[in-house]
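This document starts with one chain, in the form predicted alone, laid out as structure tokens.
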Amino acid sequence: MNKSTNQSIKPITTKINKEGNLEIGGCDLTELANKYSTPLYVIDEITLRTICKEYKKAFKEYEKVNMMYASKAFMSTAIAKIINSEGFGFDAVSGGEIYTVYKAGIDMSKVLFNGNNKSYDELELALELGVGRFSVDNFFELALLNEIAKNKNKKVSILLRITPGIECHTHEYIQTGHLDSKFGFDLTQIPEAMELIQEQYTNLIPRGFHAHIGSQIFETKIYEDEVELLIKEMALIKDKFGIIFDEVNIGGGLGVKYTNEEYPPSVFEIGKLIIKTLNKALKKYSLKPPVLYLEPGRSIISTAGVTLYTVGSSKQVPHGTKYWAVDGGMADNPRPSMYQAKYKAQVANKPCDENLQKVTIAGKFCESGDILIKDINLPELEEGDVLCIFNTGAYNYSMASNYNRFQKPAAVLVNNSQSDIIINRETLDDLISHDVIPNRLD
């Protein structure tokens, strides 16, 4: 089975250049750090486009496939442009993500709106901008969406998001398919939801089911279980209500390789497995092939991204840990603090140095838990070194904060020795731009 990009820790254009420095997309990382300052998010366009093409190739044997990028992993107008040009739609989970896609000039019929507590304003915005699908999560949303659609004299195509009761062995915070979850209708609630749609919520057009079984998934068997269950439920809908669902959304969640000890399945492996299982289930339940939606996010953008930091202070604990601090940390990458996430890194200005020592990379924020990497072997560090942490394309910028009133980093896109800003670094004035001092305090 062919390897795919999600099985690589580094962007595929990573190499050591003639100056002896790390290079990605033809750009020397130390030069990027000097030009744009640090912390700096760097996205390799070739790696991003390659994984998109791999997904399309992996599922080409099934005629009706809609690839939907899970925007929450990393979203900006430039990223939306690239993803769209590779033939993907967008799974959006907020009005902000929807608006970003819209401002990038994307056909909004290619957008699916997902989420467990969509507001009135968000639903109204989505309808006004022409979002193509709504993944309805609960009874409250059924009523609210129907009300808004009725007021606007519109019919809305929906998927019912269900909790399939399938538990993947990832961190408990990123398991979304097991029964005790905030997401989706329980299977026992489906008949009531369908009755409401048929009898009361007539501005909603049910098109199929949507399920998502988690994130950073390494197990392949659970995809088989999910597909089998969804097709079975579609057959039950046909038998009980006489409605033939023509769409099924199986979510995303494929894992990526953050460390040498991790071995995620390839895109091609899960593609073959899902198509085989789907065809078998369709035959078993005598159903016609539906449109298959997939929502990869992390596995699309993660490997394409790295984060650059500048090394600063150090501390040697007597008979203990050697700490080196960088100029970023938990505000630009909260995953180590939240999920105990692990990463690999190299020193961009001396990647070939073999005089290694075990150190811990600390952030600069006022939290003891602000540790980016524990116990990593790196060349002897010095103030001013540029540290490159790999596989930070997903859930780093998108989860970044202004903790400690820190400015969010810039992001650049690299390709063919060219670098372009795609997100400007926040300024100090940006930080206070929404602050208001009441007149009575003057």
Ligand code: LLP
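Because the structure is predicted, anything quoted here is derived from the model rather than measured. Residue positions are given as counts along the sequence shown, with the first one as 1.
The form predicted in complex with this ligand exists for this protein as well; it is not shown, and the discussion that follows is about that form.
- This chain appears without its partner; in the predicted complex, the one residue of 72, 364, 350, 257 with a heavy atom within 4.5 Å of this ligand is 72.
- Though this ligand is absent from this view, in the predicted complex it lies within 4.5 Å of a heavy atom of just one residue from 307, 163, 346, 215, which is 215.
- Residue heavy atoms within 4.5 Å of this ligand in the predicted complex occur in exactly one stretch of 354-362, 324-332, 310-318, 297-305, and that stretch is 297-305.
- Using a 4.5 Å heavy atom cutoff, none of 88, 226 and 293 lies near this ligand in the predicted complex.
- Mapping the unseen interface onto this chain, residue 252 counts among the residues with a heavy atom inside 4.5 Å of this ligand in the predicted complex.
- For residue 268, no non-hydrogen atom is located within 4.5 Å of this ligand in the predicted complex, even though that partner is not displayed.
- Contact check for residue 390: no non-hydrogen atom falls within 4.5 Å of this ligand in the predicted complex.
- For residue 399, a non-hydrogen atom is located within 4.5 Å of this ligand in the predicted complex, even though that partner is not displayed.
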